[in-house]
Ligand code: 13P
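The data below hold one chain only, encoded as structure tokens and taken in the form predicted alone.
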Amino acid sequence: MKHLIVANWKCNPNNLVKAKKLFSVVKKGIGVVKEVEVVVCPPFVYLSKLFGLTLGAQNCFWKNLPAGRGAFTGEISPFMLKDIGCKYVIIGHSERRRYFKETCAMVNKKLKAALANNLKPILCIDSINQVKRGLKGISKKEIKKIVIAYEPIFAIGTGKACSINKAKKMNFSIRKILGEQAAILYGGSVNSKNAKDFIKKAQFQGLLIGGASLNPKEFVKIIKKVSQV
């Protein structure tokens, strides 16, 4: 199974020219890295303008509706994302939970809607409780299609990554619930100095990267280091 590296650009960059340049530098920098699957999750408005790497969205609505159906101003359905070529979608990020008051029940509905449209959800969690609540009512067969991203809130955007030992314990705790074959990523202040340890020592399958993904040289360095594991 390949390692999975996901770039979460969040609300960046601030225009399409910069977005295309960032994407292009990353694509050129990684070349043909067979050991790692790289996914870029830009803001919605850039998704249809970027080509050559696997794309993911940063969020989706929970209604499983074909494009153009439903009075839900401002929302984007999983159907629309799949239609423009998205393969992954981030769901339940701590910033969505904090600033937009998303509950585990809402996250659960989004997961189900994404799965119904053959999108691979990346479920972000900070606690075991969020795993259990987020996956409520989802079959074991469907759970196997979900990627879990452990992102301790204290580590997001602070420059203070979780300790390897604590991250490893959380990784194993999640696997006790989902099984040994579960795809679990680590996220939170990842950089080229600690990336390899989260894969090799803490035994995560991959990484969800925020700030460092906006620095193309650093992001490419992370990918290449992970490819060596």
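Note that the coordinates shown come from a computational prediction; the quantities given were computed from them, not determined experimentally. All residue numbers are counted from 1 along the displayed sequence.
The same protein also exists as the form predicted in complex with the ligand; that form is not shown, yet it is the one meant from here on.
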Candidate stretches 96-104, 149-157, 80-88, 127-135, one within 4.5 Å of the ligand in the predicted complex by heavy atom: 149-157
Exercise: residue 211 in contact with the ligand in the predicted complex, heavy atom 4.5 Å: yes
Contact test in the predicted complex: residue 195 vs the ligand, heavy atoms, 4.5 Å: no
Interface membership of residue 42, the ligand in the predicted complex, 4.5 Å heavy atom rule: no
Distance check, residue 20 to the ligand in the predicted complex, heavy atom within 4.5 Å: no
Heavy atom within 4.5 Å of the ligand in the predicted complex - qualifying residues of 1-39: 8, 10
